[in-house]
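This document starts with one chain, in the form predicted alone, laid out as structure tokens.
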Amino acid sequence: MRIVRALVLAALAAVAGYLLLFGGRTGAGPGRGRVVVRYWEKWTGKEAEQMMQIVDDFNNTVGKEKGIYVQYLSMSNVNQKTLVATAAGVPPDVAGLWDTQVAQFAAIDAVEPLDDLAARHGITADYYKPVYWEGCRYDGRLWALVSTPAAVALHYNKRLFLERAKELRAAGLDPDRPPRTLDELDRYATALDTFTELPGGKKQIARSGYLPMEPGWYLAYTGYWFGADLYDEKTGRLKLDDPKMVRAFEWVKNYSVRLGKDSMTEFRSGFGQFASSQNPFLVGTVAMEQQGPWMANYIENLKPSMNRWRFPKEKEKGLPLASRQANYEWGAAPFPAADPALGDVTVAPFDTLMIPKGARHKEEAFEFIAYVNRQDVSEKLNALHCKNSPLRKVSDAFLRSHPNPYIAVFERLATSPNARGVPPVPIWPEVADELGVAAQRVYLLEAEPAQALADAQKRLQEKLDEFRKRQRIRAGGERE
């Protein structure tokens, strides 16, 4: 066993050493005489370039003043590579991960607690919007801070609403506004559906008003819009089979029943990739969907005409937000809840900055993390990434000049008492994947919602209990 362990550690060290040398795209070489902080991040393309702007700003200001140089590396599978390097004892100083890793990495002792460092820099609960602050905490401690956050809203195509104005009005709906309740959303979706007549009297979906599976990124959290809780912290029990969660999956199932499973599957098979000009929302084959504030950037890059509906974009400068919004073929609004009493429900995901366990330069690493969380810097980064702010205090300039003219919608959602985040479950990535599989079974009419969720609850609770048992054994609390 010792030989095997030595071989595994040697392999991990070799992989980690390779990553340190060749792990991804790197910014300019470090300044002489500075402490080099190695920062691994997941972003590629424009998002990576925009984060590089922030790194360069730091290196030329605070970093220069305090003798710190941040070396930025962009790489795929950053969470896995960070764990490998941490296990090998050669972690980066800063890791750019996801909110789903906070409880996971904290529970396996893969990251450093940040409470004291954050307090010394004046970063406390009062500084953050509650949903993001709580998402950075696990088991009573702070393990991460936010780089860029989001909130999920309803995106709708205003042009398609006007084209189907007659059908919407016939259904008692207003084509000049988005749906405000889930019942209204379903009725809007039905009125916006269009079909192509096929030989033999069959119909083929030509356009869908709404599909729960498009893009389907937030199906694990669908219960939030029905008032469900997914986890009970006091008892440590998952609540995937909560009756409200079952109701949420019944709602997903109803779309397959109404449109026909095979017809809907065939329709979706023709969709292009999300980050392409054939994205179904961009080409108008889906009229409404759940998305985050970054959608405005994707539209600008992939189908800019949707951001120039009434007049050239150059004329937007200096206009009030309402006038800017009128120039956009799409709009954003809170995604309606099943219970109208549940106002401004959203899931609020975010990207994190964490210091892996055993990082060589914790103090210097946190200087950079604190810099990213400075209001002016955070607003610059989140405007570049087309996202809302994680901070309680938001400048008028950020709201007024943001590239997403509906950013106030996302700010409102993120501050809502009904804004929800990732449950503090150490195996949440696995839970989310399993819920995605359950949703797929329901969507394909292979299982009833109650059964699919009961199956997921049983399997995942057993895995969570086993995880906790192993954690206790590792801590010396009990024997196998």
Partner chain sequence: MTRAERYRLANGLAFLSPWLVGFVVFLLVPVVLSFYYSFCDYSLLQAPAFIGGGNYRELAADPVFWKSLTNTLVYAAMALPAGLLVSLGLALLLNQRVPGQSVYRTIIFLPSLVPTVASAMLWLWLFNAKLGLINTLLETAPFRAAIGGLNGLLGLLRLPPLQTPIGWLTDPTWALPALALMSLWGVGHTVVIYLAGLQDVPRELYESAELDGAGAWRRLRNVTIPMISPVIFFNLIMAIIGTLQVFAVPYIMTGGGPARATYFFTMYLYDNAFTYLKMGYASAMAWIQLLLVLALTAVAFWSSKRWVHYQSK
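Owing to the predicted nature of the structure, the values given are computational and were not obtained by experimental measurement. Residue numbers count along the first chain shown, from 1.
Quick note: we don't show the form predicted in complex with its partner chain, though the next part is all about it.
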| property | result |
| --- | --- |
| In the model of the complex, Glu434 touching its partner chain (heavy atom, 4.5 Å) | yes |
| Contact test in the model of the complex: Gly270 vs its partner chain, heavy atoms, 4.5 Å | yes |
| Ser147: touches its partner chain in the model of the complex, heavy atom cutoff 4.5 angstroms | no |
| 4.5 Å heavy atom contact, Gln104 to its partner chain in the model of the complex | yes |
| Complete contact of Thr265, Pro429 and Arg459 with its partner chain in the model of the complex (any heavy atom, 4.5 Å) | yes |
| Contacting member of Ala110, Leu259, Ala383, Leu117, with respect to its partner chain in the model of the complex [4.5 Å, heavy atom] | Ala110 |
| One residue of Lys42, Arg441, Arg412, Arg34 in contact with its partner chain, assessed in the model of the complex (non-hydrogen atom, 4.5 angstroms) | Arg441 |
| Listed range touching its partner chain, judged in the model of the complex by heavy atoms within 4.5 Å, from 388-396, 311-319, 200-208, 147-155 | 200-208 |
| Within 79-102, the residues that have a heavy atom no more than 4.5 Å from its partner chain in the model of the complex | Gln80, Leu83, Val84, Thr86, Ala87 |
